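Take a look at this single chain in structure tokens; it is the form predicted on its own.
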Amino acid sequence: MTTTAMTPAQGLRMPPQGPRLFAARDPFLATHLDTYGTIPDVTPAQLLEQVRISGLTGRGGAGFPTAAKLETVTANAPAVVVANGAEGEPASRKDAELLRRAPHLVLDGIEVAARITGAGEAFAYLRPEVVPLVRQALAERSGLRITVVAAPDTFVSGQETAVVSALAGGPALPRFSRHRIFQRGVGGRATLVQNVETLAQLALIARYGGVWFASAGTPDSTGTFLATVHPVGQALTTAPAVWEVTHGLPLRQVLAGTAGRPPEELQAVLVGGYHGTWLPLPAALDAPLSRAGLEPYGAGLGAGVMIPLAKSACGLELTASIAGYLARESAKQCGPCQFGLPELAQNFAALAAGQVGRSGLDAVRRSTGLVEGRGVCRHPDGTARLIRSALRVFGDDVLLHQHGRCLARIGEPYGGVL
């Protein structure tokens, strides 16, 4: 069977059947090599061409084409590679699970990225809980020197400029700069900040080629992705499930296997995490999980987080809780974060509580418009996207809340403003 455009090298194993990222049965180097084999000894130009063919996009949330990012950093060498596993999104567990189960795939990806860009130095910027696991994996291998750094446990610590600031000894906060980090980042060098899942996918492409990678998924969303799916009706702090999913799979299939109840009994699902978009159910159950499949809903996969909502739960209350968290977790450096998000969260909480009557919706819309496109980073924009999707998907409930009622508790007095 030929599934790669590259010449098979000595030591290379056949591509895994079934799960790709989670194919190895344990995280140790011997099992990793037994499962995937070694990385072929090919030139940086050959590797980059395979990434281009693969159509790989970033798995950290932005979905930027990986080949274009690698090309830009290479053109501005000397370069530095940073594996970003900060995973500040509190509803996501996929990066930590990947590093727990397949750390050597991520470390391989760092080496492949360094080979393509010519980088002589690399960092692994990770959630503190996985730092010991990665250091243990590094102790099993030689090669590129990789410095492991624990990221602060904050929502914005994984933003690219915040990562560079933290590695330079500063606060892990988004920064203004005249230069993009792929031009001037860590130590003034061109810096590739890449999500750890993207790097693990890169390690597979280096072995099996771009054609093999794109043999799964859809034309606009190739390969597989890791999804963090939360159980219905439980706190978001409850351990969610992490699955490797092929792009294009209908939303129904993912929810049926992981949400804990039939998907037809769900009211909505938040796709993409706290900066994501609410999708109405059952209308969106057959939406393919791909860029084109989610576009009609104004949504994207983001970091692969899915939070299903039961019909007996209030989507406005959950959104208000998330908006409050996002306001507290802002960098508080610019107007939208320091003043705009707290006001937006307060207005939405009042609407969700049914305490503001018909003027509450106008206040939410006004404060949403005031934060969009005005921040140092995209944090205000992501919050505004969440709010707008909630107003759209829970529109009927918004009307009820304006009159002191709630769809989830339709028979009960709710807020108090009629």
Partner chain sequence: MTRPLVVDWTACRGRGLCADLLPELLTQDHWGFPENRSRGPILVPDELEGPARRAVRMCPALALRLDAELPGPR
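Here the structure is a predicted model, which is why all the values come from computation and not from measurement. Residue numbers count along the first chain shown, from 1.
Here the subject shifts to the form predicted together with its partner chain, a form of this protein not shown in this document.
Residue contact check for Gly335: one or more of its heavy atoms lie within 4.5 Å of its partner chain in the predicted bound form. Using a 4.5 angstroms limit between non-hydrogen atoms, Tyr325 is distant from its partner chain in the predicted bound form. When its partner chain is considered in the predicted bound form, Gly360 lies well away from it, no heavy atom lying within 4.5 Å. Residue contact check for Arg145: none of its heavy atoms lie within 4.5 Å of its partner chain in the predicted bound form.
This chain is displayed without its partner chain, yet in the predicted bound form the stretch 327 to 335 from 327 to 335, 100 to 108, 197 to 205, 222 to 230 comes within 4.5 Å of it by heavy atoms. A single residue from the set Gly55, Gly61, Pro27, Gly375 has any heavy atom within 4.5 angstroms of its partner chain in the predicted bound form; that residue is Gly375. For the options Gly304, Gly276, Gly340, Gly209, the one in contact with its partner chain in the predicted bound form, meaning a heavy atom within 4.5 Å, is Gly340.
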